[in-house]
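Structure 1 and structure 2, given next as structure tokens, are two forms of the same protein chain, each shown alone.
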Structure 1
């Protein structure tokens, strides 16, 4: 028993190191001067912050952060509202039609976005959504809704139906029942949805590079990609920019992480 626990602890430690090492190399790289020939594995013995100021200025990260926050904020807000409202009847009323709709939503999870990039591009051009924030927000909402509905449907299934019946007896309508009784109980799964979809949208590159082509509308990932060229790569600036880009979404995760595991396990198991 003791030997098994030692092996499990060793395996857990190795997995933690594998996850931590990229962040360590990111920090050491962002803190090194361009003419420093030392290994990326060695922490520099000096403070060098020019990579951060240069990356912020040359990539226009101030505007890119605002663009990222706009797209991520509105997209996550719509995902939470539409996902929770759609999942409520799908979970509470298991009619054949609702089962069909639910299966249709879940089936969309197996569609890789890149495989339909060409028809998506044609559609975005036809409806005039190119280089508009509302267009890419619509795309993110569409591709994140299936997982959101899956999680919300599973979580709502864990809430006793007696709560619905008690609220209805007290005179609450369907809308009042959802917003005053159910919505506060959905806090863990809402935190999970915000983290999962927020991280995915904040780090998005594939949609941003195709559908936001104007320089003033670039998001952080696209702005940082401008440091990689055919004849020059500025790794230090990219590492510094990536470090700064990770701070906002990491702060959101730390704020909501206490709900994350509970919401994810409840939604996934019952879904």
Structure 2
């Protein structure tokens, strides 16, 4: 029995090693000087910091991180507010009309935004939203709302109605009821929504490359892609840039990984 357990743990460690390999190669590549011909499998005995300083400066990663944080922060805030508020009547008052609205929201889950890229681009130009943060924020909000409304509607359905009635009797208005009674109870699902939409928006490339074309407005993925286009013969720089771009979200994940994994499983299976 003991021996079997040792073997199983060894097998799990081998799985870990296989999955870590790409990150290992990323690190060795980012640390090698351009004229170092040694294999990517071998850790260089030195740390060539020029790759990092050059990549950070040339790809303008500092500005890109700030842009990314701005877009993600505002979009997630709006998603939580608009999504939770919209889900409340859809969950509490299941009239035929509300059921129709709910189905309308949910049907958008299947449609990838990319399929309507051409008309979306035209619309963004027409309303003057090109190269403005507000434009892309509204887009992110819209395309993340279906999942958000789906999760909130399901979750509110599990909260007893009696709670609403008790609060009403105590004199709470409808909005007061929502913010003082319901919102605190929605914490677990709000955490899930923040994680799911936050990761999707932080990592976005498609919308950002189409709608934030001005160099000073580039988000991390767009900055990295144009950097790659310019310097793909200098692989050390590109590796260092990719490495730095992956660090913030990996760090957040490693600190909060319990909630990440829980968020996904509760969102996907129980929602």
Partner chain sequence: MLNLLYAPALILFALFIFYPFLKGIQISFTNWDGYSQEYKWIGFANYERMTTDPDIGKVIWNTFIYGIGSTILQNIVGLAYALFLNRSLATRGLTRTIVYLPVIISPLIMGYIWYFFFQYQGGAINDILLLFQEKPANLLGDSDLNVWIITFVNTYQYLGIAMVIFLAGLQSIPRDYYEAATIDGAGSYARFCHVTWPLLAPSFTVSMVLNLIGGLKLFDVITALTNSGPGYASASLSTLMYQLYFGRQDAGYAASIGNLMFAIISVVSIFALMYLRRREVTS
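Bear in mind that the values here come from a model prediction, so they are computed numbers and not experimental data. Whichever C-alpha set is largest while still superposing within 1.5 Å between the two forms counts as the rigid core. Residue numbers count along the first chain shown, from 1.
Colleague: Do you reckon the form predicted together with the partner chain is 1 or 2?
Modeller: Answer to the question: structure 2 is the form predicted together with the partner chain, whereas structure 1 comes from elsewhere.
Colleague: Classify residue 203 as shifted (yes) or not shifted (no) between the two structures, where shifted means its C-alpha moves by 2 Å or more with the rigid core superposed.
Modeller: The answer is no; the displacement is under 2 Å.
Colleague: Once everything's superposed on the core, is residue 28 shifted 2 Å or more at the Cα between the two structures?
Modeller: Where the cores coincide, residue 28 still shows a C-alpha shift between the two structures that is 2 Å or more.
Colleague: Superposing on the rigid core, does the Cα of residue 70 end up 2 Å or more away between the two structures?
Modeller: It does not reach a 2 Å shift.
Colleague: State the core-superposed CA shift for residue 8 between the two structures, in Å to one decimal.
Modeller: Comparing between the two structures after core fitting, residue 8 shifts 9.7 Å at its C-alpha.
Colleague: Keeping the rigid core superposed, can you check how far the CA atom of residue 51 moves between the two structures, in angstrom?
Modeller: Looking at the C-alpha of residue 51 between the two structures, the offset is 3.3 Å.
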